[in-house]
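The chain below stands alone and is given in structure tokens; this is the form predicted alone.
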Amino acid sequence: MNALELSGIVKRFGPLTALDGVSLAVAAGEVLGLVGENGAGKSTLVSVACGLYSADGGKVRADGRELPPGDPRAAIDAGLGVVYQHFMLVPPLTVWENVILGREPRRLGAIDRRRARSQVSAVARRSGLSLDVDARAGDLSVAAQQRVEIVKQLWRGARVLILDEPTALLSPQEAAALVEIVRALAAEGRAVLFVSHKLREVLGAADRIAVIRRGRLVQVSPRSQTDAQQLAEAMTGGGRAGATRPRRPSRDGAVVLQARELAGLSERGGPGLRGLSLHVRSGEILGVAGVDGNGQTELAEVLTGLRPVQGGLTLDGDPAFHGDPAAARRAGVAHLPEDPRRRALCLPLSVEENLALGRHAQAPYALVFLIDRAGRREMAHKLIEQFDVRPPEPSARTANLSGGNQQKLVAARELSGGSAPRLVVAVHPTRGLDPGATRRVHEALRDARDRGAAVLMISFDLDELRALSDRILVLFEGRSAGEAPPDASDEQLGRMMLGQVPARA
């Protein structure tokens, strides 16, 4: 008997068929990988499984028992637990309070705080997920918040655990450890659905791997009978979706960005940057590596005018903007932010309107003081096609796009929607993107570099950093832990990321 079984699932949103007769099953003790392009239907399938969406056809069964459609409580009671890419924690509450929220153990009518805390601590310890259960969730790094979400589902007795992009924010060592944890959870008898775009990690974690394309299941194969290239081709329908141009040697361009002794506080009030110095030349991509919470967010916000800072900062030799994002944009800074929904998009607006944001007063989006609707629509069609934004409809509401397609929309606007940028600050530019979309964004970043822009790219994905960077700068506790060449090993970069290699001047 399967722990989770989806039979003939159909889901429509108006005229769009998001899922077209998908059947999939996960057995107890098994890890099933689920991969597919952005907009292929993965998130919709997960939402149907856990009762957030009611299917238009088909059935969902847990341990052989049919679940009522569109009933999240029934799915939870049946042992389904989901860890979403966007976390659902209450920042002021502690870790253990977040875990028990809504299902508080009680004694004599009051919350049994001692028992609850002890139980949460025991679950975290058994699962190998290191957590301070008394820490406030809002004070934790993003990676630690993800661990809280996993512990929450385990504490609630999840027998089927659905993980959405679980390694996106982790260092190589942490990602490898999580894969081991996933395998251990399966060995204990849990069923795990591992949804990820990192094919190497899916291959390391899964027993079988399912590929969904344009709402249809196109392949389910044992791990031993496939590889990353074959999976990428199945996701895209053929072609080398992950292929990229070879890196060309960095040109000896002029220094565009110069930062000296940057210092400032983090959002949590602690030191965010501690005397960080760096430079980026024209025609160069500087990759920035580091475990989450070591100054990457603060650095990106300083360079895009979103955060004031102490220290020296110049762009093409001129004193740069401090805490003025409008001035940064006027100076030619393009920004692909860590959180596009919060920093880059107006979700109620259409795709076409979002593509014009920040350039709405310029041609081809405007004609003197009026909106050039024909020019704006033509540019929208061009960018949508170039970056394969789905659905390919300029009038579509941005809030209705998948997270990956929202990310593609921002990349299209910032990298190809206007004049060539002088400095590109890209923060996790392909997080959550499929191989085909990742290739498009990588090509756009290389094109910006080849046109003379200085590119600073922050990423947790070491393969991405190696594929694009001319140099890799590693951050640890807001300082430079040194630089490494693009061919540095996971072990070398991982040790630097954990502060085990002395910082170089």
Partner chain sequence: MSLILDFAPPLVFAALGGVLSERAGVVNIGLEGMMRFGAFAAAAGAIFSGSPWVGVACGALAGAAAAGVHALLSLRFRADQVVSGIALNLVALGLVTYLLQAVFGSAGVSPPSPALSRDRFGHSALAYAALAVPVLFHLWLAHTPAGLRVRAVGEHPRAAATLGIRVLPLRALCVAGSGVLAGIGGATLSVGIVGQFDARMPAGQGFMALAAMVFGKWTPLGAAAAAFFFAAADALQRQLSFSLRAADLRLEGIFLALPYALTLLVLASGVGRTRAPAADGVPYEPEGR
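Not measured: the values here are computed from a predicted model. Between two forms, the rigid core is the largest collection of C-alphas that superpose within 1.5 Å. Positions refer to the first chain, counted from 1.
Although it is not shown, the form predicted together with its partner chain is what the next lines describe.
Undergrad: Since exactly one of Arg260, Arg200, Arg126, Arg106 fits, which has a heavy atom within 4.5 Å of its partner chain in the predicted complex?
TA: Going through each option in turn, the one that passes is Arg106.
Undergrad: So its partner chain isn't shown here. In the predicted complex, which residue out of Ile111, Ala122, Ala184, Ala374 has a non-hydrogen atom within 4.5 Å of it?
TA: Partner contact (heavy atom, 4.5 Å) among the options: Ile111.
Undergrad: State yes or no: in the predicted complex, is some non-hydrogen atom of Arg73 no more than 4.5 angstroms from a non-hydrogen atom of its partner chain?
TA: So Arg73 counts as contacting its partner chain.
Undergrad: Looking in the predicted complex, any heavy atom of Glu353 within 4.5 Å of its partner chain?
TA: No - in the predicted complex, heavy atoms of Glu353 and its partner chain never come within 4.5 Å of each other.
Undergrad: According to a 4.5 angstroms non-hydrogen atom cut-off, is Phe476 in contact with its partner chain in the predicted complex?
TA: It does not: once its partner chain is placed as it appears in the predicted complex, Phe476 has no heavy atom within 4.5 Å of it.
Undergrad: Heavy atom to heavy atom, is Gln310 within 4.5 Å of its partner chain in the predicted complex?
TA: Output for Gln310 is no: heavy atoms all beyond 4.5 Å of its partner chain.
Undergrad: Go through 327-335, 299-307, 176-184, 396-404 and give me the stretch that gets within 4.5 Å of its partner chain in the predicted complex, heavy atoms only.
TA: Checking each option against the 4.5 Å cut-off leaves 396-404.
Undergrad: Which residues from 93-109 come close to its partner chain in the predicted complex, meaning a heavy atom within 4.5 Å?
TA: Read in sequence order, the residues that approach its partner chain (within 4.5 Å, in the predicted complex) are Leu93, Glu97, Asn98, Ile100, Leu101, Gly102, Arg103, Glu104, Arg106, Gly109.
Undergrad: Rigid core superposed, CA of Val218 - does it shift 2 Å or more between the shown form and the other one?
TA: No; Val218 is a residue whose C-alpha shifts by less than 2 Å between the shown form and the other one when the cores are overlaid.
Undergrad: Quick one: once the rigid core is lined up, does Leu93 have its C-alpha move by 2 Å or more between the shown form and the other one?
TA: Comparing forms between the shown form and the other one, the Leu93 CA shifts at least 2 Å.
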